[in-house]
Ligand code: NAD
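Taking the form predicted alone, here's one chain by itself in structure tokens.
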């Protein structure tokens, strides 16, 4: 058990909504979760912790102890591990648990895990009694910098990823970088691919911050050194600040907003990513790996449309490849990927709105109706085949 090091806090306030919360990033935060939750939720007396067996086996006892020491009654429940469990069936299971345990409007749901746990538990929390407090305790890098922040919740279905969901802002987010030491290397890489996505649309400063995280991971993959933990705590905080700045201006992803500060720009790399995940039934790629492919493809598409200069795409590709190899996608059925693209939630008016780049930090939302005939099909086919 490591004593708490310096904590970095980021505030999130959503104009026009009764939503204001703080995100704590640092080392040694797990043992103070009870105090943080009591402070954020006021007189909460009871929480339901939703996790999976692997994560709960690592951190569940500490979380429960901290909550009980803060005078909070705790009940913990497990769901399946992996994207294929992020379903309506799982959400219904969580809702049944919340009902049977008597979770009231004054109580809270604690999501202890990665993006699947956060999304599914958050979705259930938004529906139970028309909304109860949600505390996010992300245990993956991807969840820390992205899915735990911003209020999007949801589940997957046979017709697409995250097409069923709600907006439900958390009451607090606690990101303890110590937990990254136990992440599977592939899972940590997945988070770094998502971080690259943020850097690509934010600008070189955040991309350089991400490079520091990549380098620190390479030197100290087990997060033994305090300097590594500090690098990640600072990096996560910078990524959260960027996402919070976008969410603040477009909390619910306004349909008609196609500006470069629209929340839609956070979907950079996700159009192809979601199609790849759906085409493989969420069993082949980690979400962040799919985003890694999506980032490279979106950059290539930007180049083919003469939006992105060669030096920018070379820089972006170099950063992606420094994280590590991406699983090949050449054997994924091409037509299945095309079909999945047509069901993407980013489509509007019969076209898909792609987030492309005019340069690092210069995202542009482009309708595929403006593409030359056959460009998307030929580009996609060439990209998939190139990953052998």
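Numbering follows the first chain given and starts at 1. Computed from a predicted model, the values in this text were never measured in an experiment.
This next part talks about the form predicted together with this ligand, which is not shown.
In the model of the complex, at least one heavy atom of residue 162 sits within 4.5 Å of this ligand. Residue contact check for residue 58: one or more of its heavy atoms lie within 4.5 Å of this ligand in the model of the complex.
This ligand is not drawn, but in the model of the complex it has a heavy atom within 4.5 Å of residue 52. Mapping the unseen interface onto this chain, residue 122 falls outside it, with no heavy atom inside 4.5 Å of this ligand in the model of the complex.
Here the chain stands alone, but in the model of the complex its contact with this ligand, taken as any heavy atom within 4.5 Å, falls in 142-150 among 69-77, 233-241, 142-150, 218-226. None of 183, 305, 313, 95 but one reaches within 4.5 angstroms of this ligand in the model of the complex through a heavy atom, and that residue is 183. This chain lacks the partner; the member of 213, 196, 276, 116 within 4.5 angstroms of this ligand in the model of the complex by a non-hydrogen atom is 116.
Along 85-106, a single residue, 86, places a heavy atom within 4.5 Å of this ligand in the model of the complex.
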